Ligand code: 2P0
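Have a look below at one chain only, the form predicted on its own, in structure tokens format.
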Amino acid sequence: MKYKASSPGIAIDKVVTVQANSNIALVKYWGKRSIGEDCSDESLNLPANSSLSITFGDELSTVTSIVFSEKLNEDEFYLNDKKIDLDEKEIQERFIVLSKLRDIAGTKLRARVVSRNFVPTASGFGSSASGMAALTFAAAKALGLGIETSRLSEIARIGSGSACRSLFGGFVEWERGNKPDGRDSVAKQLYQETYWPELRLIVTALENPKKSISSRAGMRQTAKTSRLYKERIIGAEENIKVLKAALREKDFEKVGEITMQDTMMMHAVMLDTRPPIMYLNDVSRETINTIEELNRKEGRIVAAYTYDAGPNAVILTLDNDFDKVMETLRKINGISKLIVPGIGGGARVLDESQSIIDPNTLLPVSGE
């Protein structure tokens, strides 16, 4: 990869802290482009189809502090006050973004990274999206790289596909692209977070939601074994076109229809995977049935559900129906908590007072 980046200089021993929020895709990304004609390197994390998401508010976010220092002999990563082994395969796949950014900056300085997740890990809430977006944004700032956000999304994508969307706020499209090197597979903001103030999000938090297989591993298995997979890719691209038109018109019923259809398409190919991947559980299915029944009773779509790779639903509704939908969800056994995040902004640098690395000792600050 070659980037044009202005570089005022690496901030050695200077702590940079960034917050990035998770996102929920209304048209999903599930599976990579194949090596060969469409993709020169699987590690580029190029999607089989485009996707479109909404960025959550600060309620579902990751805060990351990073420092590059000559005092460090190796990279270090702390997550929620625990030091993480960087030799783990999945961690190595994600942390390749640091190597990419160091190459651009022309340095071999090691980094200490300290992250605090306000998104439950491995629950389908997109903790890797907010985490990798925060890491990429913070590292680029600390290395003095003036890479524009759309190009930075190309690097974040390598660590976690959906992370490229979390660099932006509001409504975001991640374009599939066609180039084998991935230079045109980038995210862009369609509308700011203030675009549709009447739109509300509700997140259902279930007990013990941790998934049995990671999204990355699940995608690989689906692409290898699902006979429905190719049809899913075609359907997702069609859904993108319809959804973008519905968002332009702020047509909630059409947005809801496409959102529910697309999430069921994605979970259908998961079930068609060998062995089947089942992220949804009994509470997930009851939530789907409850929302469908509410919409039938009202004679219109008053609420729409969507699920990523986990059992927790994200419900879309409008202000006028919000209380009715909340009352309905509270009656479902197994939902331990309802979170009402706003629609949030993109990744941003925080004040020094919010650092989770001590600027004097360069050691992690305990969250206890």
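Fair warning: this is a prediction, and the values are worked out from it, not measured in the lab. The first residue of the shown sequence is 1; numbering continues from there.
We do not show the form predicted in complex with the named molecule, though everything after this point is about it.
S.K.: May I ask whether Phe56, Leu199 and Thr317 all come within 4.5 angstroms of the named molecule in the predicted complex, judged by heavy atoms?
M.R.: No residue of the spot touches the named molecule in the predicted complex.
S.K.: Can any non-hydrogen atom of Val18 be found within 4.5 angstroms of the named molecule in the predicted complex?
M.R.: Result no; Val18 lies far from the named molecule in the predicted complex.
S.K.: So in the predicted complex, is the named molecule close enough to Phe68 to count as touching (4.5 Å, heavy atoms)?
M.R.: No - in the predicted complex, heavy atoms of Phe68 and the named molecule never come within 4.5 Å of each other.
S.K.: Is Ala138 close to the named molecule in the predicted complex, meaning a heavy atom pair under 4.5 Å apart or at it?
M.R.: Residue-level check for Ala138: no, no contact with the named molecule.
S.K.: Even though the partner isn't displayed, in the predicted complex is Ser153 close enough to the named molecule, meaning a heavy atom within 4.5 Å?
M.R.: Heavy-atom contact with the named molecule at 4.5 Å: absent for Ser153.
S.K.: Among 81-89, 155-163, 111-119, 283-291, which stretch has residues with heavy atoms no more than 4.5 Å from the named molecule in the predicted complex?
M.R.: The contacting stretch here is 155-163.
S.K.: Of the residues Thr259, Thr204, Thr222, Ser128, which one places a heavy atom within 4.5 Å of the named molecule in the predicted complex?
M.R.: The residue from Thr259, Thr204, Thr222, Ser128 that makes the contact is Ser128.
S.K.: Looking at Leu101, Ala142, Met266, Leu247 here, can you tell me which has any non-hydrogen atom within 4.5 angstroms of the named molecule in the predicted complex?
M.R.: Looking at the other structure, the residue within range turns out to be Met266.
S.K.: If you look in the predicted complex, which residues in 42-57 sit within 4.5 Å of the named molecule (heavy atoms)?
M.R.: Sequence-ordered list has one entry, Asn45.
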